[in-house]
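Take a look at this single chain in structure tokens; it is the form predicted on its own.
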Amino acid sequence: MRAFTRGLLGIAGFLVLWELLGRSPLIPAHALPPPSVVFGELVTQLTSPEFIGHVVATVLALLIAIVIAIAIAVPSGLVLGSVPAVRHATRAVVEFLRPIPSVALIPLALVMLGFGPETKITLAVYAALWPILFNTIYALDELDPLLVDTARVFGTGRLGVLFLVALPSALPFVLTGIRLAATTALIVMVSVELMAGSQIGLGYFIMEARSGPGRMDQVLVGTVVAGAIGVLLNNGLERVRRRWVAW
């Protein structure tokens, strides 16, 4: 309760400071609208079907990207973490691909996939893969050998050990990786919508708001909503981790 109160006080202090700066003659009103203006515009946008469509498009694409990333990264991490020969054989490729920023692949993705939702989903999947993959691998590195030996004594085969012993033990690490991957994928998703000429999504809404005469209040509305989605995702996944894998 105390931590929650402190969090509210921090948010309130930030909003007060923002309001004072937005009303200050030192900063042009069009450059930094105060939160009273921004949240008023937010209420207006939340009644707009077009804006809701942008939010739904981003959230739906994000969820698809996270599910695909989990489906790829968790089995791959289990294999790489449990079979040393495969891990060593693929290390050079993995270490080469991992540092490449997703936004650097936008031109290539546009050429190969076009301007549809496939581009932003693919790049978000690429960004989300790595936290889940490496957390799964590191979890297997921490697996207690005694658990594996006990399972084998009772006649459990390699696949049985992998799914009945290794995966449950790795689950806390995997969920942490998913939590990190979700916020990373959200950043990439909005960035691709903003930079790659997407026709729908929060990034497209922000791009449209800043073009032409420029509506910084709408730009900040899009930014606030994207931040709120990130906070909800992060807190929701953290609650899942604490409830399901409290050990």
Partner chain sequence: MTKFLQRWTVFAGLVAVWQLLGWFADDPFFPPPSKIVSAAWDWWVLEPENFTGHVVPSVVRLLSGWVIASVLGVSLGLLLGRSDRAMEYAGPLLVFLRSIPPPALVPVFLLLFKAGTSMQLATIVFGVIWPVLLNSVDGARSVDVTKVDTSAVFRIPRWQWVLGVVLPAASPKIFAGLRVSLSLSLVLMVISELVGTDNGIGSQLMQAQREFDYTRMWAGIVLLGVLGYGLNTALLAVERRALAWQPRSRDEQHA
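Every value quoted in this text rests on a predicted model; they were computed, and no experiment measured them. Numbering follows the first chain given and starts at 1.
Omitted here: the form predicted together with its partner chain. The next part is about that form.
- For the options 106, 171, 79, 164, the one in contact with its partner chain in the model of the complex, meaning a heavy atom within 4.5 Å, is 106.
- Residue-level contacts in the model of the complex: of 46, 67, 27, 56, one residue has a heavy atom within 4.5 Å of its partner chain, and it is 27.
- Its partner chain in the model of the complex is not approached by residue 175, whose heavy atoms all lie more than 4.5 angstroms from it.
- In the model of the complex, its partner chain lies farther than 4.5 Å from every heavy atom of residue 52.
- Among heavy atoms of residue 186, some come within 4.5 Å of its partner chain in the model of the complex.
- At the 4.5 Å threshold, heavy atoms of residue 236 stay clear of its partner chain in the model of the complex, well away from it.
- Contacts to its partner chain in the model of the complex (heavy atom within 4.5 Å) from stretch 31-47: 31, 32.
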